[in-house]
Each structure stands twice: as C-alpha cells, then as structure tokens.
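Read the single chain below, which is given as structure tokens and is the form predicted on its own.
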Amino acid sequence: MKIVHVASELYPYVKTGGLADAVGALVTTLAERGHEVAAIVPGYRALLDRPEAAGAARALRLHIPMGDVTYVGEVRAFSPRPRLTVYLICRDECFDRRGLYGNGERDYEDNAHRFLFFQKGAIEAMSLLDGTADIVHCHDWQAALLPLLLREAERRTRTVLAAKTVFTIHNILFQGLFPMRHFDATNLPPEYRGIDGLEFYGQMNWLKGGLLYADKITTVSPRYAEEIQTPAFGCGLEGVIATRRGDLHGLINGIDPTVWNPAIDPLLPARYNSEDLAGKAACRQALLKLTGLEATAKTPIYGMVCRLTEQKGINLLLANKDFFLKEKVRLVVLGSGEKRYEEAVKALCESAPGKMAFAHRLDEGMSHLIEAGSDFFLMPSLFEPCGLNQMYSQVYGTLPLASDVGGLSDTVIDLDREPRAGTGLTFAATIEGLRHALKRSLRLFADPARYSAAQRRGMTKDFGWATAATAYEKLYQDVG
C-alpha cells in the first residue's frame, strides 16, 4: 500500500511526547513491512537543524490560499530508510521558532494559522507528487482538518489524492479550539461553519472535524476507545463520537525495540536482559550517582518521567509526599510542564535532597537511565490514552505503578489480581488509590522472589510494533 502519515511530531527528528514515538515507530515498521510510506511534518527549526534534514532536497514550491491571501512555502524531502520518505512543509514565518507549539509559558497565538498552513501544504504537496495514496493517516488536532480539506480539494480540482482517510486521537483533551474568525482562512464552504460542521460552543473545533469527516477513527488503546464515549473522558465530544461509534477502533501503540531495549540501549552505562540483570544494578548505581541520592541496595527507587500537568497525576504524587519523606525510599522525577507543578515538585525534592531529586528538563538519555535504574515507575495519571512509559518500564525490568485507566489498564497486569501473570501494580486514580499502591509496593520489594518473578515476566513481554502494525494494516484494508 501507499500510505501517507501527517503529524506534527516524528521521532527521532522532533519530539515533545508520545505522539512522536508512536508515529515514528509506526511509519518505520510499515516501511519495513514493504509499504511505500510518506511522513509529512512541519519544517520546524529544530528539525531543519538536524544533519538528516540539512541536506534535504528542496523538492517543491507551495502556494497556499489562506482566505484571500496566498502564502508561499516549500517542501523539502529526505529518505532515512528504504520505502520511507519524510516531507517537511516549510515556511519560516510559521515554523522557524524555538518551540513547536508555544514559548514554554503559553501557546503561540497564531497556531491556527501555522497548522492550517501545514495541513494545506501537506495536501498541496500530495497533489504535486505522483500517484494517489491508498491511505492518508492524520494524527491529533494539528492534522485533524486534513480529511475534510482533502476531500474539498479533490472536489474543486476533480482529482483523487487518497482512496481513504484515517484519523487518530492520541489525546482528546487537546482539540485545536480556535475563534470562529479563523474559519475564513480554511476556504471551506460556509455549510461547514455551523454546529453540524466545525462549530463547538461558539468556537472552531479541529478535532471535531477529524471525528466527523475521516473515513475511520482510531485511538491508541481499546480501553480509551470506550472511555472517550463517556462524559467523564469525552471532553465534550462524546456526543460526536457516538455518531461514529461503528467507525471507532482502539488500537494499542507499541514501542520501538531498536530504541527501547536494555540489551542494546546505547544510552545506558551497562546493558542487560532478563537472563542477566547485572547491568541493571549498574544502571541503578549510575542513576543514584547522577542525581546525588544516597545509595542503599534495600531502598527502592521510584522513577517518574512525564509532562508536569494535571493529567499526569502530579496532585496525587504531591498529596502522598509523606510517603516519600518518611519511608526508606528514593524518588527521581524528570520533566517539565505547568509552572505550579514544576515549583511544587522542586520544593518537595529540595526538602529532602538525599532522598529525592528533580530534573527540570527534557532529557532522552536520562529518561532511559530512569527506566533502567529505578525499581518502580510511577504513572498516577488521571487519564492516559495509551502511555508508553509503562511498557518501557516493564521491558527494562522496572515494575510500573499505574492508574487503572486507558492504555495503562490494557498493558499492566496487577500482581495482586493475577499473581502468576502480574507485571506491576494498578490502582484507582485517587490520592487513596496511589497511597495504597505505594504501600503494596514496599511489601512487594521486601519479597525478592515475588518481585524478581514479576520483573522477568515484564521483560519478556512483547510490546513491539509488529503486532500494532498488523492491526493498522488490517484497518487500512477494511476501510470502506
């Protein structure tokens, strides 16, 4: 098949979170399985500065209508591997910035303009390149209007650019909500302006557009597909989703075993596998040394790598600070996010410098070391569409403590519920739920045989993308 993926992030070239990992691994796996794959992403400054993109060919000139004004851009292209081509939609005004979506304090005010140009540029690039795609697969709000814009472009030009479209929701909380004044820049017919189109409580909702106009809709775990059909998790769009229930599929993400594999991981100070965990002990010592924490073999280390936002359960962590202050444990947190949470986590860790450490940054190398060097990995998310770190941690022999929501529920088996199959501990996403799980983890750590058995079970689980890619291939073939 000829498959085009359109997304705002793509690992290893540009990343802020799990979206990049998921798209990067999926396009690579599909190419390895013999499909002709294109990935279209914005030409961010950070991406263009990479060696792979620096030599990218300037393939096409773009002229993109945005309302009554035509904006000029260009497409650059490079091929990192056989059957995979990465196309960059470039315009300095839109993408020559330090951040992808904002300046660290707030979103860029012109994000509607930026990502509308990106989506229209992707369609224009497809029209200028040879051949019709079998599937155009769009990801999250930054590409959510593309199924509709694509069909309207085909109608105007009397061409066929794609046989079918698929839209994936990676996180329904982020919907691409913009003032309705931006509608004119879409150049869409006025019938799409109203409540039966893109309007959502007086604003334009791009995610709603993807839900309404893609041929098939996916989200990133079976449990999350069920959850977003309810008021508790649908973020106001559960009614729209109900109209497309028959076209909604929950497909669990995978992880890239060439990147996340402790037996070959070049970012670790020592490698290891389920048969020989000596390297994990070395990683544990390296993590303690890096963070300046006191080292004792009998003291469990709890790691956490995430965006510091309400979704990730930071309030639940902070509400259980007495556990980390009073018990013989260590805590390492890596991440950045909302300033209030950054300050609160920093204050907690500084109150006990020998026991807790906070690294306020994005750091791929340290994230791998935390996965390898910790004994438990904390994921107290209030909701989690899929989650990847709970899969990383199991493969790295680190038992996850995860909320019983979304993809966490689909991928972590609770040891107390299933003693012979368990690979971690799950809990209700409440203060009390996390507190109880933390106490259970101490009892588990004090039982080396039980802990080790769960550890090895997790390390031998197959979370690779081959299974996920097979599910996507079947969906692509079944799109009707």
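Numbers follow the displayed sequence, beginning with 1. These numbers come from a predicted model, not from an experiment.
What comes next is about the form predicted in complex with a small molecule, which is not displayed.
Margin query: Please identify, from 272 to 280, 92 to 100, 331 to 339, 182 to 190, the stretch that has a heavy atom within 4.5 Å of the small molecule in the predicted complex.
Written below: It is the stretch 331 to 339.
Item checked: Partner proximity in the predicted complex: Ala112 to the small molecule, non-hydrogen atom cutoff 4.5 Å -> Residue-level check for Ala112: no, no contact with the small molecule.
Margin query: If we define contact as a non-hydrogen atom of the residue within 4.5 angstroms of the partner, is Leu212 a contact of the small molecule in the predicted complex?
Written below: It does not: once the small molecule is placed as it appears in the predicted complex, Leu212 has no heavy atom within 4.5 Å of it.
Margin query: Using a 4.5 angstroms cut-off on non-hydrogen atoms, would Ile252 count as touching the small molecule in the predicted complex?
Written below: Residue-level check for Ile252: no, no contact with the small molecule.
Notebook entry, point to check: Looking at the partner-bound form in the predicted complex, is Lys355 within 4.5 Å of the small molecule by any heavy atom?
Noted result: Heavy-atom contact with the small molecule at 4.5 Å: absent for Lys355.
Checklist line | Contact assignment for the small molecule in the predicted complex, among Arg244, Arg307, Arg151, Lys321, heavy atom within 4.5 Å | finding: After the contact test, the surviving option is Arg307.
Notebook entry, point to check: If you check Gln142, Thr398, Asn389, Ser403 against the small molecule in the predicted complex, which one has a heavy atom within 4.5 Å?
Noted result: Of Gln142, Thr398, Asn389, Ser403, the residue with a heavy atom within 4.5 Å of the small molecule in the predicted complex is Asn389.
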